[in-house]
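First comes one chain, alone, set out as structure tokens in the form predicted on its own.
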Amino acid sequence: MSERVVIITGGAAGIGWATAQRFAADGCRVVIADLTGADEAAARLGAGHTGVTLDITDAAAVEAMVAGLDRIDVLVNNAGIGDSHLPSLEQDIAQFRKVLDIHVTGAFLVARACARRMIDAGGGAIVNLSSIAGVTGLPRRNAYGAAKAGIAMMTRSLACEWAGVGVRVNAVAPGYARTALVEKLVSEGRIDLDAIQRRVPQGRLIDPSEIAEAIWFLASPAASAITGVTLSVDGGWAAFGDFGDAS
């Protein structure tokens, strides 16, 4: 395996799992940090990879995880949860705060802990997960949209602050991806798959492996001059500004 050690929060499923597979295929040592399923996911990757059960909103637990690693070269801040999809007048404030806490506060805690180690070692790369929800308005999704927009802005701020000490910070903003979460929302009738696909200029959902490739690129030496960027991986969703269907 290569020297690079990669932490992926929320790496046991969905985009995180696809990303774990991509870095493992590149010969990296992958640390999957997840609230559930971390050990099992690491075992599926094979020997040399590690699973850590972690609540990213627990600052002490985050610091303990980081202290237990010999080095950290890449952090992928992927952990998150969905929101309620309820009308704004019916949204629960506790759930609203939970979404913000996990996506924004949690991402900050992990980024801060990892950056300390990266700076001491001469540098590293952080890739945060934003979303199309952070760049376009999605009705009923106030907490999720605010959280993902916050991640994009935090990415810029951290990138500017840490550029001089060798830590690059970028983000990826996926569109609707073919994950178990999206499939569940479709099956529950909470989102209309056909309407979504018509709205995407490419006319399809994004495969998690395509998002993983973008994450891998931003964390690679090939992106050595790129920092503070939020890269849309959405089939053209954010670019489409006409009325009616895009495809």
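In this text the structure is predicted, and so the values were computed from the model without any measurement. Residue positions are given as counts along the sequence shown, with the first one as 1.
Just so it is clear, the following notes concern the form predicted in complex with a small molecule, a form of the same protein that is not shown.
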- Using heavy atoms and a 4.5 Å limit, would one call residue 67 a contact residue for the small molecule in the model of the complex? no
- Message: residue 36 versus the small molecule, in the model of the complex: is there a non-hydrogen atom within 4.5 Å?
- Response: yes
- Item | Contact label in the model of the complex: residue 108 to the small molecule, heavy atom within 4.5 Å | no
- Query: Hey, in the model of the complex, is residue 60 touching the small molecule, heavy atoms inside 4.5 Å?
  - Reply: no
- Task: Sort through 26, 213, 55, 207 and report the residue having a heavy atom within 4.5 Å of the small molecule in the model of the complex.
- Result: 55
- Message: Can you work out which of 154, 113, 72, 177 has a heavy atom no more than 4.5 Å from the small molecule in the model of the complex?
- Response: 177
- Look at the stretches 115-123, 88-96, 144-152, 159-167 and give the one with heavy atoms within 4.5 Å of the small molecule in the model of the complex. 144-152
